[in-house]
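Below you'll find only one chain, the form predicted alone, shown as C-alpha cells.
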Amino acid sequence: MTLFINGEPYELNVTNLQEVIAHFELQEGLVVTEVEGNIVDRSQWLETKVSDGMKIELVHFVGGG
C-alpha cells in the first residue's frame, strides 16, 4: 500500500502504525506520530490500523548540540 509519510509516498507492507515505526527503525521513545491530522499516543500504535493513502507525520527527536 502507499502511505504518505512526511509528505512523501512510500510503498510499505504494514498493517499498523507500530510496523511503520519499525520499518523506519525509529526509537519509539523519541518519536511523535500524527495520522490524518490526529496525534496518536505511543500506547495506541499497535491498535492504529493503516490503510492505502493515509497521511502520516513522524517527528523523530535527536540529541546533540
Partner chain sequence: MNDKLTIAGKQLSSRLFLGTGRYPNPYVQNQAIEVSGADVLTFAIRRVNLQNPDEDAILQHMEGKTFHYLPNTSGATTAEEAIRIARLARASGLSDWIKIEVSRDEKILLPDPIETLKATEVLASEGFIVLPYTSDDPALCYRLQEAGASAVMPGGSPIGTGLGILNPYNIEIITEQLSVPVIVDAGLGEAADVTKAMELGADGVLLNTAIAKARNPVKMAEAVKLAIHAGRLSYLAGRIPKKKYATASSPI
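Residue numbers count along the first chain shown, from 1. Not measured: the values here are computed from a predicted model.
The form predicted together with the partner chain exists for this protein as well; it is not shown, and the discussion that follows is about that form.
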property	result
4.5 angstroms heavy atom contact with the partner chain in the predicted bound form for Thr2	no
Glu34 within 4.5 Å of the partner chain in the predicted bound form, heavy atoms	yes
In the predicted bound form, Arg42 touching the partner chain (heavy atom, 4.5 Å)	yes
Sequence-ordered list of residues in 1 to 22 near the partner chain in the predicted bound form, where near means a heavy atom within 4.5 Å	Ile5, Asn6, Gly7, Tyr10
